[in-house]
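Presented below, as structure tokens, is a lone chain in the form predicted alone.
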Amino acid sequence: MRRREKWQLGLVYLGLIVAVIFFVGPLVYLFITSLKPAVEVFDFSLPSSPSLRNYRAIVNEYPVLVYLCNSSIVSLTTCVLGVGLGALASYAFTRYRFRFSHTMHYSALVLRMLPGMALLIPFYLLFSKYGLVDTKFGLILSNTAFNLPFVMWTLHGFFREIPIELEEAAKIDGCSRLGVLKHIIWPLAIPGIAVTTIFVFINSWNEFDFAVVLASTDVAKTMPVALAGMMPEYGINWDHLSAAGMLYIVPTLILTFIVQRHLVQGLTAGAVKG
């Protein structure tokens, strides 16, 4: 290996190390802090006597498990509705041409560009009229509405890359439209659907603005709102907040590991043309 190539390889490894430290370092620091007693929180060192006392404290003092359950129900249901409906709509836009189809398609992009805060008051007034405030169903509807345009535009490229000749061949062999979707379209679009599902889950899991307004009690309060409420008026219990933060991160990591084999393929799909 020539000297120049060694320098280039060394710079690549250096960049990877810096990236790992930048992205993984805060998570490691948060985990270490969650194992420390309160007196050692600001010490830049490993805990002298690591324990799970902070995790037990937040479970006993706050209904954290209820908040996590609410967030999980809202986020997973949003994924099912948002990705399911958005995938069908995106597929229809790539296969059918009808009057105002382009206008409807680009209207979805315009809706995605609107700031959520601009629609917060109309949503609250509408949900108040129909009794959807402080309910998990209301949060699911609001999250689904804001994620649908994202799903439609993300999956549009994946469905467009699937040759229509495959569908025509399946129909000649006697396959119905639903059969084509089940046996041809969905298997080929799994990488894109997996990536989109991750992003929709993260968007819904981290959603704060609508959750803090539409869910004010423990019946529907999600974890981001609960974390904000764990900061007392005088001082912050960083040890308890770190433990709650770790519990908040775990579901996203679990879902990412479940779909990781499709993640890279989905992110790079369409990047190479040949």
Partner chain sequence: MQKLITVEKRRSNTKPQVSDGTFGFLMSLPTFVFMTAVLVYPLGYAFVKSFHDFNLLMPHRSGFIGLGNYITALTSREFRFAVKNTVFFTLVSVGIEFVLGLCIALMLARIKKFRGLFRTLLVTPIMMAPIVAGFMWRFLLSDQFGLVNHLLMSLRLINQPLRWLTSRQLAMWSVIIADVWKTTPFMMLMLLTGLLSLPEEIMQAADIDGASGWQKFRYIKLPLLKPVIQVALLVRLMDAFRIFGMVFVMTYGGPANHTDTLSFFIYRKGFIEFEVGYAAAAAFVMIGLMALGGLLLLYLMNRGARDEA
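These numbers were taken from a predicted model, which means no experiment stands behind them. Whichever C-alpha set is largest while still superposing within 1.5 Å between the two forms counts as the rigid core. Positions refer to the first chain, counted from 1.
What comes next is about the form predicted together with the partner chain, which is not displayed.
J.: Choose from 161-169, 114-122, 186-194, 69-77 the stretch whose residues reach within 4.5 Å of the partner chain in the model of the complex, heavy atoms counted.
T.: After filtering at 4.5 Å, what remains is 114-122.
J.: Does any part of M231 reach within 4.5 Å of the partner chain in the model of the complex? Heavy atoms only, please.
T.: Yes, M231 sits close enough to the partner chain in the model of the complex that at least one of its heavy atoms falls within 4.5 Å.
J.: Is R97 close to the partner chain in the model of the complex, meaning a heavy atom pair under 4.5 Å apart or at it?
T.: Yes, R97 sits close enough to the partner chain in the model of the complex that at least one of its heavy atoms falls within 4.5 Å.
J.: Can any non-hydrogen atom of Y55 be found within 4.5 angstroms of the partner chain in the model of the complex?
T.: Outside the cut-off, so no.
J.: Do G131 and the partner chain share at least one heavy atom pair within 4.5 Å in the model of the complex?
T.: No, G131 stays farther than 4.5 Å from the partner chain in the model of the complex.
J.: Since the partner is left out here, which residues of 194-218 would have a heavy atom within 4.5 Å of the partner chain in the model of the complex?
T.: F199, I202, N206, F208, D209, V212, V213, in sequence order.
J.: Does S45 shift between this form and the one not shown by 2 angstroms or more at the C-alpha, the core having been superposed?
T.: The answer is yes; the displacement is at least 2 Å.
J.: At a 2 Å cut-off on C-alpha positions, does V66 qualify as shifted between this form and the one not shown after fitting the rigid core?
T.: No, shifts by less than 2 Å.
J.: With both forms fitted on the core, check whether the Cα of L27 differs by 2 Å or more between this form and the one not shown.
T.: It does shift by 2 Å or more.
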